[in-house]
Structure formats: structure tokens, C-alpha cells
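There is one chain below, alone, in C-alpha cells, taken in the form predicted on its own.
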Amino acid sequence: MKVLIVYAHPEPLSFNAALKETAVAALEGQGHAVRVNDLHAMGFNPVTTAQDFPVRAFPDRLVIPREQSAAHAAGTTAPDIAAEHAKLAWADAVLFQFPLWMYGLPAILKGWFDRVFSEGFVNDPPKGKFFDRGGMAGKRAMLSLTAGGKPGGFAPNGRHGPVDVMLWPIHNALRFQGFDVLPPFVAYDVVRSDDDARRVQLADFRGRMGGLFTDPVLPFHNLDEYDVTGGLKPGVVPRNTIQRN
């Protein structure tokens, strides 16, 4: 199988880098083909602007989704975005490796989501191409992240709040593109951990890589379970933690 690792950390000696290298070694050891997208090394531009659309389909007003869709249809998608689209088309699974900063994605990775998960290619809501019908349907995605706090801080009664709630917008964004989303791997307390604790976390992560294509995925509802307002139809029992809250 083919795995794309989208890696977002500026320090080559970081624990994120160690997790990335662990994933590469484990996946290649299983016989998978692996490509690494080092966003900082690439100098990836995370900012969406009008420069993304040198040939404007709608010059009256910049509406990002409609320009993305028009560019995809016309074959005028910006070259750096088109290159990322090709990598996504190649991959059977995508692993996102990043530090949790300010309770979310680092800016460079959030910008990658904004620019690369573009309408027309990975999703097209007006045509019903999103969630379980999205362009990435049949592919898997997984978040691997580091956090400075201890596990208890990310529990339901913790000072940071439950990690599944914190990651819901990211997981749902991946599902919006059609991905089957695996439970995340979270390495906690990485700033203060000693080498022994880090070795344990790397070993645990190596084990998770063994199930990248076989482990159960997170539960999401299909589009046909929602009504015209976007809410679950009467009688549909919520299957995930967030919609149950």
C-alpha cells in the first residue's frame, strides 16, 4: 500500500521528527511505499490568497470555493496545490504528524488543509461530493500528534478538556473529504518526558503503524442519515462522542 506522511514541525531533532522517522521505518518494514511531505523543508505557503487563482473565473468577487472548483475543472489549479493533489491521489492512507499548538493544527498544516482540500478535487458539496461521498472515499487518514500536557489534563475533567472534542474539527474535516479516519495517536508530556518515557511512546506508535490499514475507524454518519437542515433524521442514534454530547 502507499502512505503519504504530511509532517509539520520546524525542528529536525524534535520528538515529532522521531515519530515521523518511526512511522517511515515501520511502514517500509511492512512493505508499504512511503512518501514524506516535510512542509517546512518544502517552504509550503499556507496562506490562501487571490494569487492561488491567476486565471479568475469570477473576477467580480473572490469566493474561494467557487474559484477552486472552477480552477480544477479548467485545469488551472496553482502548481503547488496541484502537486499536493497528485500526492493525495497516489496515497492509500495519509498520516498527519504535528505538534498540538494552541489546541489545534500548526499554522503551516492548517494552511495545507485550507489550500489542498479544495473544492472540485476532494470535495464538491453542490454535487453531493463530501463526507462518505467525498473524493478521498476509500482512503484512510490518521492524526499523530504531540502535546505538552499530561494525559489527565486532556481528560473530560482536565484543564485542557477532552482530546476527542479538541480533535473533532480536524477529524470531521478529514471525513468531509471522504477519508475513513482512524483514532489518533497522542504522545503526551513530550517536553518534560525522559528518554525512557519517549522510548515507550515510540514503541507504542510503532505498534499503531501495524494497524494503519486494519484497525477499526472512528464512527461517522453517512449523508443519507441527515435531513435537509443538516441534522440527524428522527430515529437515527448518534454514533460518536461529539454528537452525543
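Everything numeric here is computed off the predicted structure, so don't read it as measured data. All residue numbers are counted from 1 along the displayed sequence.
Just so it is clear, the following notes concern the form predicted in complex with another copy of the chain, a form of the same protein that is not shown.
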Per-stretch contact check against another copy of the chain in the model of the complex, the hit in 72-80, 85-93, 147-155, 133-141 (non-hydrogen atom, 4.5 angstroms): 147-155
Single option in V217, L202, V36, I64 placed near another copy of the chain in the model of the complex, where near means a heavy atom within 4.5 Å: I64
On the criterion of a non-hydrogen atom at 4.5 angstroms or closer, are A17, G29 and R208 all touching another copy of the chain in the model of the complex? no
Does the 4.5 Å heavy atom contact test between F176 and another copy of the chain in the model of the complex come out positive? yes
Does another copy of the chain come within 4.5 Å of any heavy atom of A25 in the model of the complex? no
Although the partner isn't part of this model, could you tell me whether P106 comes within 4.5 Å of another copy of the chain in the model of the complex, counting any heavy atom of the residue? yes
Can you tell me whether A41 touches another copy of the chain? I mean in the model of the complex, with a 4.5 angstroms heavy atom cut-off. no
Heavy atom within 4.5 Å of another copy of the chain in the model of the complex: which residues of 156-184 qualify? P156, N157, G158, R159, H160, G161, P162, V165, M166, W168, P169, N172, A173, F176, Q177
